[in-house]
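To begin, one chain is listed below as structure tokens, in the form predicted alone.
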Amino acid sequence: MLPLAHFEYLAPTEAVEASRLLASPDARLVAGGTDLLVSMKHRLFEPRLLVSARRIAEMQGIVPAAGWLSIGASCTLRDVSRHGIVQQRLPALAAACRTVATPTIQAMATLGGNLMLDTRCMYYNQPAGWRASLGYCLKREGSVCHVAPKGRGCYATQAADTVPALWLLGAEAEFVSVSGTRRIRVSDLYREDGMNWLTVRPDEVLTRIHVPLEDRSVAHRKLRTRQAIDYAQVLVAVAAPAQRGEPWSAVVSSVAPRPILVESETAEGLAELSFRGSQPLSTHLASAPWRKKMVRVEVARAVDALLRSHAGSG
């Protein structure tokens, strides 16, 4: 058993107060804790203060408002997937929530935590002793990226299940800090840098995710080596055109630090363009060439699901 290091735990009731606490470099926000606490046991993070989101009212509840569904960042993936409006109007989001790990973890993990999920790599997400045997890695304590030793950065991948679907659904993330409140599109939340993967400050608290309730057909696909607790080898979401003249769209994730957007004038061309636009590296146990080929397969499967759905509804 890997023990946790000593830390202080505080549970503020307002997001602004949480922001003040998170201004310290030794503080981390914790919601469900399903990823953070594991990383702490691996000594990837060693915060002296954990700031809990469990009592912050702004981060709770699922509320429809003026054509949007506003989801509290602390809502569990299970609660989101079971919500009636999500199931009826946003089935791709419901599906993405259900593919995270196991039902037990879905009952603890939060939607906000999934959006803010740390990037992943087979050389990074390991216990401290394992990492020490390789001289650590560029992202944590080392000086070399084992995935690309001659590269210029960290190539740990974005692997959050809900991100591709939320991206194509046009979702926006709301952040609160001592400086005020701002909303940004989920598509603008990530950088092409595995070490500094988010475009937000450490003191900004993700309070809500706003999803438009538009008639957008989106399909979610997750490829993993076991249908259990594994993170994705490839993550895909595909959106059919909302109206004539718009392109087919795909967001491919778990292959790079930032999800990749691909657009095609035709449904038939989307899988091939996604294949060409994806360049997985050896961040996973499965080989990069196989994962690249499976991008084409999973996008084609998502396209087929949408076409069959449209044919059935017609």
Ligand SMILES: Cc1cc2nc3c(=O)[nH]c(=O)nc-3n(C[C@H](O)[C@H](O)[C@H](O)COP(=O)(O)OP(=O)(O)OC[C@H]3O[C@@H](n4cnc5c(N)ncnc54)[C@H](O)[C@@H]3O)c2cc1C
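The first residue of the sequence shown is number 1, and the count goes up from there. These figures come from a predicted structure and were not determined experimentally.
There is another form of this protein, the form predicted in complex with this ligand, and it is not shown here; the text below is about that form.
Note on the partner interface in the predicted bound form: the residue among Leu189, Ala92, Val80, Ala73 having a heavy atom within 4.5 angstroms of this ligand is Ala73. Only one of Val100, Ala171, Val234, Ala239 lies close to this ligand in the predicted bound form, with a heavy atom inside 4.5 Å, and it is Val100. Segments offered: 243 to 251, 60 to 68, 270 to 278, 26 to 34. Contacting this ligand in the predicted bound form at heavy atom distances within 4.5 Å is 26 to 34.
At the 4.5 Å threshold, heavy atoms of Leu117 reach this ligand in the predicted bound form.
Proximity of Ala165 to this ligand in the predicted bound form falls outside the 4.5 Å heavy atom cutoff. The closest heavy atom approach of Ala286 to this ligand in the predicted bound form falls outside 4.5 Å. Although the partner is absent from this view, His220 stays clear of this ligand in the predicted bound form, with no non-hydrogen atom inside 4.5 angstroms. In the predicted bound form, this ligand lies within 4.5 angstroms of at least one heavy atom of each of the following residues of 194 to 211: Glu204, Val205, Leu206, in sequence order.
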